[in-house]
Ligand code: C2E
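Okay, so here's just one chain, in C-alpha cells, the form predicted on its own.
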Amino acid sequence: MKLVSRIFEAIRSPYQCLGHQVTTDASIGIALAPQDGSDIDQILKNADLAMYAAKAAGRRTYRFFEPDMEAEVRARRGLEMDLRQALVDGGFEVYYQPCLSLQTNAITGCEALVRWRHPQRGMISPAEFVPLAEDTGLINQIGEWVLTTACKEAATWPGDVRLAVNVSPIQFRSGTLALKVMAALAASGLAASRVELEITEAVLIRDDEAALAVLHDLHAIGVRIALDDFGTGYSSLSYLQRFPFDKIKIDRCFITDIAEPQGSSCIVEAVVNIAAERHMTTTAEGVETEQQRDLLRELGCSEMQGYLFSAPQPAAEIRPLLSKYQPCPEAARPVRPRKRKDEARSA
C-alpha cells in the first residue's frame, strides 16, 4: 500500500514545537467504495471501525474494513457498558496469590489480582477486560478500588506479610497515584513498608524522567517498588541503574524451561547475581514444578510464586495459608547465588 506508506511517512516526520522536537504516529482504518459502502457516511463509519481494529492490533499500523468488524465493535462496546456497571454494582473481586520464601518456606507476601464475575458470563479473564479498562480509562477507578480493598484485607494479616499491587501505566501517568496510595494506607491503617507496587517497563518507556520522579515520590512514602515481568523489555537493565528497585520479578517465560539442557538457567542466574549485588529481592513467577523450585533455590533466587504452591485465591481462603506458612527459624538456611564456574575454580 504505497498510499498508506506515504501517509505514515508524512505523519511520522518529526517537527519542531517551542524548541522541542515532536513526533507523532497514527493507526489507520481503510474502507473502499463501493464494496464497503455506497454513501460517504457508511464509508466513514466502516473506516472508523477498521481504525479501531488497527488500534486493537497494537496501534501504529493499518487495517482494511472487514464485515465482521462491526460485530466485534458491538461486542466490545457491550463489554465496556458491563464493565462500567460492574464498578457501580460491585462486580469485582480481589484474589490473592501468595509468594513463598525459597529459604524458609514461609509466605512473604501476596499479590492482589482483580477478578470480574459477570452476572451472565461468569468469571471473565483479566486478559479480556484489563486491556479494555486501560483503553477506556476505567483502569484508574478499578485500580483505586483494588488498592483500597487489598490494603484493608492486608491489615488483618500477620505483620510480616506484605501486599503486592499491580499498577498499570495509565494509573501511573494519572498524576494522583501517590495520593491514592496514601489515602488507601490511611483508610486501612496498613504500614507503608508492607505495600509493594509492581510496575512493568511500560511505565517507564514514554517519559522515563517523569516516571522515575514518581517512583522516588512513592519510595518517599515508604512503599516498596518491584519491577515486574523482568527480562521481557528491551532496556530493563538500564532501569536498574537509574532507580533502586526493591525487587525484581523474573518473568515466567524464563522459568518454564529453566530445567532444560538449553534452557534459561544461565539468564536466571545472571539476574539473581545482579539483584544480589544491588541488594534487591528476586521472585520467580510461574513456578509449576518441584524441579523448577529446587533449581531456583540452588541458583539463589529469594522467592517463588506460582501454581506449584498456590493459585490465586479469594481472601477467605488465603487467611488459613498465612497462618500455616509462617517463618520457622530452625528451617532457615542461607541461600546465596551459586558461584560461576570460573569463581569456583579460583576459590
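A residue's number is simply how far along the shown sequence it sits, counting from 1. Owing to the predicted nature of the structure, the values given are computational and were not obtained by experimental measurement.
This protein has a second form, the form predicted together with the ligand, left out of what is shown; the following refers to that one.
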Report yes if any heavy atom of Ala178 sits within 4.5 Å of a heavy atom of the ligand in the predicted bound form; otherwise report no.
-> no
Heavy atom to heavy atom, is Val287 within 4.5 Å of the ligand in the predicted bound form?
-> yes
Would Pro126 count as a contact of the ligand in the predicted bound form, using a 4.5 angstroms cut-off between non-hydrogen atoms?
-> yes
Flag Gly37 as yes or no: does it have a non-hydrogen atom within 4.5 angstroms of any non-hydrogen atom of the ligand in the predicted bound form?
-> no
Per contact check vs the ligand in the predicted bound form (non-hydrogen atom within 4.5 angstroms), the hit among 275-283, 56-64, 38-46, 303-311 is 303-311
Of these, Leu113, Ala187, Ile267, Ala192, which has a heavy atom no more than 4.5 Å from the ligand in the predicted bound form?
-> Leu113
Residues from 138-165 in contact with the ligand (non-hydrogen atom within 4.5 Å) in the predicted bound form | Ile139, Val146
